[in-house]
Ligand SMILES: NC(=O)c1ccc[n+]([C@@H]2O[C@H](COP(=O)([O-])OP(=O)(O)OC[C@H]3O[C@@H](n4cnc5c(N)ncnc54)[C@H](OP(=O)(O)O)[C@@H]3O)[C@@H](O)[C@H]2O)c1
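One chain is shown next in structure tokens, namely the form predicted alone.
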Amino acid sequence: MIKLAITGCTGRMGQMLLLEANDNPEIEVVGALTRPGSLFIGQDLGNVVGENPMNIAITDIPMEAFKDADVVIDFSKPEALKKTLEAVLHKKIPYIVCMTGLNIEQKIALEDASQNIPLIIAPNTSLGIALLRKLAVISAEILGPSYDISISEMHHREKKDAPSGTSLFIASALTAIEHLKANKPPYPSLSPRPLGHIECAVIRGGSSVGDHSVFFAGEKELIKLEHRATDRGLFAQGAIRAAQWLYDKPAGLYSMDDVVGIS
């Protein structure tokens, strides 16, 4: 039984994670953190998702939320990272960061923290996205510089970051390949298009959970790798699997590739 604390517990993904965790006999939710000033502070966590009382009071104090936790899963916002990171380091708890929009300083802080705790940075916790990313790298290596690479993504109209963290994560993996190393975020579209350029195209609309495609356009063929999320529960399930994998690992910086076993 892994004891789990949820950060961002009152948000859309935090609530989904709670529902999935409550359905998993190997997971026990023991703590819940929300933002300062939230109207949910002091309320029972079960009330947030319409379930029976869980005898867990929602708090805005990280040390209180994490006091009994074996692992922390964070679906909050980047602005909350500093205090959360201080608390997990103090208690030496494995930490899974499931947020997008992190800046350079925050990424460096997480990399530094991974020297002391096991830590996963996962802008997307879908196991399928981890596979898509790996397949994209393999394809780019085999096809070579004559194929133009485009990453296309669509999300719901309320999504704040563009391109998505997932698109940037896929693109960053591709830049490890020699003929793509010159690419830098945000990977804009260029016309006319130079060889060796990665572009990230963005669509926002409706209630799309998340569609990501990677295109390899050659002179005489088009190859497309695609992943479509149809239920947000997918990301919650992936985060729980990551927590179970990370629980007994030594300090270090990991990714969903490690969780899936394709690194």
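When you see a residue number, it is the position in the sequence shown, counting from 1. Note that this is a predicted model, so its numbers are computed, not measured.
Quick note: we don't show the form predicted together with the named molecule, though the next part is all about it.
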- Task: Please check if S213 has a heavy atom lying within 4.5 Å of any heavy atom of the named molecule in the predicted complex.
- Result: no
- So in the predicted complex, does A21 come within 4.5 Å of the named molecule, heavy atom to heavy atom? no
- Answer yes if any heavy atom of I240 is within 4.5 Å of a heavy atom of the named molecule in the predicted complex; otherwise answer no. no
- Message: Check T100 for me: does it contact the named molecule in the predicted complex (non-hydrogen atoms, 4.5 angstroms)?
- Response: yes
- in the predicted complex, the residue from A122, I149, A171, V71 with a non-hydrogen atom within 4.5 Å of the named molecule is A122
- Message: Looking at L132, A80, I117, L110 here, can you tell me which has any non-hydrogen atom within 4.5 angstroms of the named molecule in the predicted complex?
- Response: A80
- Candidate stretches 49-57, 213-221, 191-199, 34-42, one within 4.5 Å of the named molecule in the predicted complex by heavy atom: 34-42
- Though the partner is not shown here, which residues of 232-251 have a heavy atom within 4.5 Å of the named molecule in the predicted complex? F235
